[in-house]
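Coming up are structure 1 and structure 2: the same protein chain in two forms, each one given alone as structure tokens.
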Structure 1
Amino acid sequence: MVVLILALVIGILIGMFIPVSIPQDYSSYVAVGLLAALDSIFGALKSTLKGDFKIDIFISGFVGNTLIAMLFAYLGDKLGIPLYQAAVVAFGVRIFQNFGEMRRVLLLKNKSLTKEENKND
């Protein structure tokens, strides 16, 4: 877990200091892709907490969802339909759902812990 967070932080730092930024035209696609990637990470966190994390599902979801989201946004631009909104809504809702489940799992764990502590007391 620490390694993963460290990787993320290092990535952010690298991105900050390299003198490259995303071209204005592609910025909106990347934004949607990032949302998809974040959704995958929240999903992974949830399944880790639940104990049914599978690496292949995570990686395929991360890469696949990101690419499809970007493609969707691009296609929407070309067709004149704001398709990226579909991706935003879908992944947004899923992030909140994942977060909700994580919350529930964590709270239940803590409750059982406190109960045990109480017992120990």
Structure 2
Amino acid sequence: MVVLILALVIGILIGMFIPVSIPQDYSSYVAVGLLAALDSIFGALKSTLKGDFKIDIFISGFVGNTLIAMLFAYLGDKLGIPLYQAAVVAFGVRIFQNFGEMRRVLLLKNKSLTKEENKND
């Protein structure tokens, strides 16, 4: 867990001090790719809290979801249809669902810990 927090802090610092500019033509691809990556990360966090995290499922979902989302955005641009919006809605819904499940798991764990402490007193 310490390694993850350290990696997050390093990533934030790199992002703050090394300017990266993304051309506007690619902004929808990057946005959809980031949402797909966030969806996979929230799914991994949820699985970790539930105790059934598997690294191979995480990596395949992370890469696969990101590539498919970016492919949809690309095909939508070529067809003149905003297909990226479908990916934004789908990944947005999944992110909120995963967050809701994580919240429930944490609240239930907290309640069970509180009940055990009360029994021991």
Partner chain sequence: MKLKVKKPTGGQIATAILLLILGILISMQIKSVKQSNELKNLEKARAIELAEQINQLRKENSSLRAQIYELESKIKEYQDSAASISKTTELLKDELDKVKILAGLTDVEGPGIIITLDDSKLPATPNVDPNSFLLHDSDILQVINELRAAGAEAISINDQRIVATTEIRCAGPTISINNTRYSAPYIIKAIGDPKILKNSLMMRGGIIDLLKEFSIEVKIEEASNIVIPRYTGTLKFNYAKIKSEGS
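Note that the rigid core is defined as the largest set of C-alphas that superpose within 1.5 Å between two forms. Residue numbering: structure 1 sequence, from 1. Keep in mind that what you see is a predicted model, and the values were worked out from it rather than measured.
The form predicted together with its partner chain appears here as structure 1. Relative to the superposed core, G100 undergoes a C-alpha shift smaller than 2 Å between structures 1 and 2. For P19, the Cα shift between structures 1 and 2 is 5.1 Å when the rigid core is held fixed in the overlay.
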